[in-house]
Every structure is written in structure tokens, then in C-alpha cells.
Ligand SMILES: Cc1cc2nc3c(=O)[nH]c(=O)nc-3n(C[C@H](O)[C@H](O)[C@H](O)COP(=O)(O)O)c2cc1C
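Shown below, as C-alpha cells, is a lone chain in the form predicted alone; questions about how it binds or moves come after it.
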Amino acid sequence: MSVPVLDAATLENLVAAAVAAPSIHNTQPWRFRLDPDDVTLEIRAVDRRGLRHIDPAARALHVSVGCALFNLRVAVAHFGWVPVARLLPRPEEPDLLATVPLSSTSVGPPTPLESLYDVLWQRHSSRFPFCERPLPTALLAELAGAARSEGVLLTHPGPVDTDRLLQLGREAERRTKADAGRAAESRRWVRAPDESALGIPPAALGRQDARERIPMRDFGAHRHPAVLISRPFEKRPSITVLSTGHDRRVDWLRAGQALERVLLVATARGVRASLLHQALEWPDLRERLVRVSGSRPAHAQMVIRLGYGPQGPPSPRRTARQVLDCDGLSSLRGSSGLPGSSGLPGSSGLPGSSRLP
């Protein structure tokens, strides 16, 4: 294997891969910085894009950054480095959530992460009805193994517990609609695509379940009933619960990495996913999710709906130029002090685009 070279184009591809990850309300609450002294990429939280009402403890922000970190690990493995990460490496810098070194060259056979590189450009959430085709037992086991490889548990409740999970989600959605602060916060992140490349385009909101069983977030659209389009969703949805044994910041980051690994493996198998996060936004409902998940001790970190169906429209993504701090780049080959777009997917024939979901 040839020795990987960190030039400006490669750095842009690494960051673009990370940015392709999902985040709550597509807030993309991250920034990246290259430390030239030890050739390490840093991922920092952008607190101003946190959701004060929906996510006051920044748990969902950490899960979102964990998803981006997993994508970065995939890209690092693809380009030939060892895909390792240090979580919360400097307690005195609470916004620094992870670092990924680019100094050790990978040797030996390809890692499982490398096979997910092409997939990460294809993955995005689908808030649309799925068909009634059940997921194979072997696939559910594979997804559970993907989460377990990140130290996180993925459970697939039976029909009774699935009904209870959906009921908790419906209760959370009802509460959010009645809470002026939370409803307004969600509405602010529904916007037509613009130069910020943040938020969710109206076309990506999906549909509401005409049977009123699956709680699809309406993002405040209930204020305008004419835009609430309902369709019958699947009668027997496949719901999984992602949970951790502890509930610390490091566990939230691990949960995010496990979530993205599960989503990428699902995408590779032709399975769509949507995230039912509402019940996790209310502490009492989140505690009840843990009991439903069937694992003790456990802390629910995400509820995932899986199935076969349409992809749905994408949401925008910020470019490497928008999320990458510039200091330390001037020493890179092909760099003029700012990351350009020559190496970004979508601008040089690589998979993906700047409007990834």
C-alpha cells in the first residue's frame, strides 16, 4: 500500500465525508481544525447551533458530532490511515469533542470501515412511508453487531413493546406541539436551501401517518394544517432502540458513532431509516424508553425506524470551506491558506455532492 499524503484536496475530502453525517434538525453543530504539529484533526462543538429548548443538555449535539466522527474514521481508513479517535481529549477545552490522528499508516488487509466510504455519500433519512416487507432476522443481527462494535446496544423490541415505544413518541409529539418554545425552535430550522446550508428543506419533511400511529415530527407545521400531507404508513413498523450502559458525554459520542455505523450498514443493504427522537427530548419519557428497550442498565440514545421504501429528498450540507478552520493549512501541498473545492465530492467526479442529506 502506498503511503497516504495529506494535501489540501485529501483534507477537504476527509471533512466533506464527516459533514455528510446526520445531525438533529440538520444543525451541523461542528467545526474542524487541523493541528499541524502532530497532524491531527480536531472536531469541536458549535454551541450556538445547539437547541436550547429541545436539547438543553446538548446530548443530541454530542450524538450528532459522534455521527460525523464515525464518517471521518471511515474516510481516514479509506485514504490509508489508522481510523482511531480520542474522545474528549482535553477536559480544559470542553468544546473539543474528539481528535483523529493522521500520522499512522494503515497496514494489512482493509478494515470493515473502508467498505462504507462509498455508502456514506448515499445515506440520508427518509421520512416517508415504508412497505410492509419485514426486515430479515439476519439483517437485524448484523445491525446489532454494527452497534456492538462501537460499544453500544441495539435492540429490536417485539410487537407489544414497539406499540409502547410509538405511544411514547406520540405523547412527546403532542407535548412539543403544546410547548411554544419547542415548537418555535423546530420551525426555525425548516427553511428553503440557502447559503448557510443548514436546516431542513420543506420538501424533506416527509408525510404524516394517516393512521396516527407512527409519530413523524411535523416541525411546527401544525400551525399551517394545509401543508400536513398524510399517507398510510406501514402497519407493523420495524423499530430499534440504541442504548448505552452509562449516560456521560463520552457515551453520547459513542452512541453517535454507533448510530452512523448502523445507518451506513442499513444503507448498504438497501434499507431506509428515519430517527424518532421526540421521546428522548422529555426526561420522563426517555426513562420509560429505557424500560421498553429491555436492557438494564441502559440509557436510550436513539429510536430508529427501519424499512424498505423511498429515499426522500436530501437536505443541504455545508462545504469544507464553511466548517474548516484555516490555521495550519498553509503547509499542506496544494493549499493556498484556505481549503478550496477542487477535492470535494461533487466537484471532481467523486461520489456525493455539496447537497448531501
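Residue positions are given as counts along the sequence shown, with the first one as 1. Everything numeric in this text was worked out from a predicted model, so none of it was measured.
If you look for the form predicted in complex with the named molecule, you will not find it shown, but the lines that follow are about it.
Here the chain stands by itself, but in the model of the complex one stretch of 247 to 255, 231 to 239, 87 to 95, 277 to 285, 277 to 285, has heavy atoms within 4.5 Å of the named molecule. The named molecule is not shown here, but in the model of the complex it comes within 4.5 Å of a heavy atom of residue 200.
The named molecule in the model of the complex is not approached by residue 272, whose heavy atoms all lie more than 4.5 angstroms from it.
Taking the partner from elsewhere, residue 14 is found to have every heavy atom lying beyond 4.5 Å of the named molecule in the model of the complex. Remark: residue 125 counts among the residues lining the named molecule in the model of the complex, judged by a heavy atom distance of 4.5 Å or less.
Annotation: in the model of the complex, residues 24, 60 and 302 each come within 4.5 Å of the named molecule through at least one heavy atom.
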